[in-house]
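Form predicted on its own, single chain, as structure tokens, below.
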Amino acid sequence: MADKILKKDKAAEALKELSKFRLFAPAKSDDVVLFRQIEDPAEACLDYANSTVPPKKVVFPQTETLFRFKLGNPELREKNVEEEGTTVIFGLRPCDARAMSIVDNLFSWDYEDPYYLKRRELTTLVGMACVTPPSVNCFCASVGGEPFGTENLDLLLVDMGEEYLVKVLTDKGGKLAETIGSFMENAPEGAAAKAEELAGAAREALSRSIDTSGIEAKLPALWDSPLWKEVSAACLGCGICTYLCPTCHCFDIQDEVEDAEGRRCRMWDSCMFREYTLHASGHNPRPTRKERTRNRISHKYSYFPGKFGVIACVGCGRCVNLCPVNIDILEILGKVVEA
């Protein structure tokens, strides 16, 4: 399908049309931008920088019930994700869309997770290109991404001032474009060239970068390095860097029982927590924040690339922006390169 134009004064009508699906869009809540389900287009905040919590929570909820059970009843009441219906995530940044494709590797590896994969199948991703880097700490180009990246997106919107250029990237994107086709018009000649210029300028505007070549092979040799004690000295163990990371996927599973009924639920966990690796014996192979920091960096830049061929980081900068003690992953990687 050819590129289209969606004028900004038509965006609300287009979102209203999409609200017949399970529609998630960036919305402000107490001055924090989050992706949440909306029905009123006025709730959407499309001129945002980036959301605090990544939209991965739509396909990988922070807490979800997998099934329910009852004493004396051998049948499990399993969650049916299909009942949630078609989902549209509108306006996510290219790095967050790319992050989902990275997480896909984990959930379809040795076991195909039916909850996650069904949601992914039912979800259409409409991206918003980063004409201006959302943060001074963005470094997507250093880890394989781009401000105008299209990986894993079905549609890409480019802010052209008074209108959005709409690029259709997949069949799912084409079907969604048909749904809002009455609110769009054909893109004029030269629109694509202007978008290319904006993409080049956006890439040039990225102020931070790191050469990641060789880091995967170098990290194992630094296992006993004093570097880890140094870079983890300020860490509080709060887990913000993992909870707000779009590629982190650690979870815990618990059974919660009340009287004769219960549920098995899954919830986000963090490798930065002491309890994450605590054995029933009391032994903990990662007893301090030094070992946990080493694991976090090694997993993203060595273990995961070694297993799946891609760095488990998209350079969104959230872990830098939101760390309460200003720990900077780019500074850590710089020390790894120099070590």
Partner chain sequence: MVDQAKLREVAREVISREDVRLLIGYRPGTYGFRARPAFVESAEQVEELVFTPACVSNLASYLVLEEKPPLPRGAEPDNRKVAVMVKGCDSRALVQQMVEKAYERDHLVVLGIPCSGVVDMARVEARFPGVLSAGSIIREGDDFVLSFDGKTEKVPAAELLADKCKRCRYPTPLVSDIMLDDEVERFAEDDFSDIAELEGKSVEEKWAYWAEKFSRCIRCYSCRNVCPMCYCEDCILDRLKPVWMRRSVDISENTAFHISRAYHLAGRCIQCGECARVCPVDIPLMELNRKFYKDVEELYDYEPGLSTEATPLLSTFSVEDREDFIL
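Residue numbers count along the first chain shown, from 1. Small disclaimer: the values here were computed from a predicted structure and weren't measured.
The following text describes the form predicted in complex with the partner chain, which does not appear among the structures shown.
- Here the chain stands alone, but in the model of the complex its contact with the partner chain, taken as any heavy atom within 4.5 Å, falls in 247-255 among 142-150, 159-167, 88-96, 247-255.
- Taking the partner from elsewhere, every residue among D31, T63 and V136 has a non-hydrogen atom within 4.5 angstroms of the partner chain in the model of the complex.
- This chain appears without its partner; in the model of the complex, the one residue of S182, N186, S213, S207 with a heavy atom within 4.5 Å of the partner chain is S207.
- Note on contacts: among K229, K118, K175, K218, the single residue with a heavy atom within 4.5 Å of the partner chain in the model of the complex is K229.
- By the criterion of a heavy atom within 4.5 Å, V53 is counted among the residues contacting the partner chain in the model of the complex.
- Mapping the unseen interface onto this chain, D328 counts among the residues with a heavy atom inside 4.5 Å of the partner chain in the model of the complex.
- Contact between D40 and the partner chain in the model of the complex is not found at the 4.5 Å heavy atom cutoff.
- Of the heavy atoms in K194, none are within 4.5 Å of the partner chain in the model of the complex.
- Scanning 260-299 for heavy atoms within 4.5 Å of the partner chain in the model of the complex gives R263, M267, W268, D269, F273, R274, E275, P287, T288, R289, R292 in sequence order.
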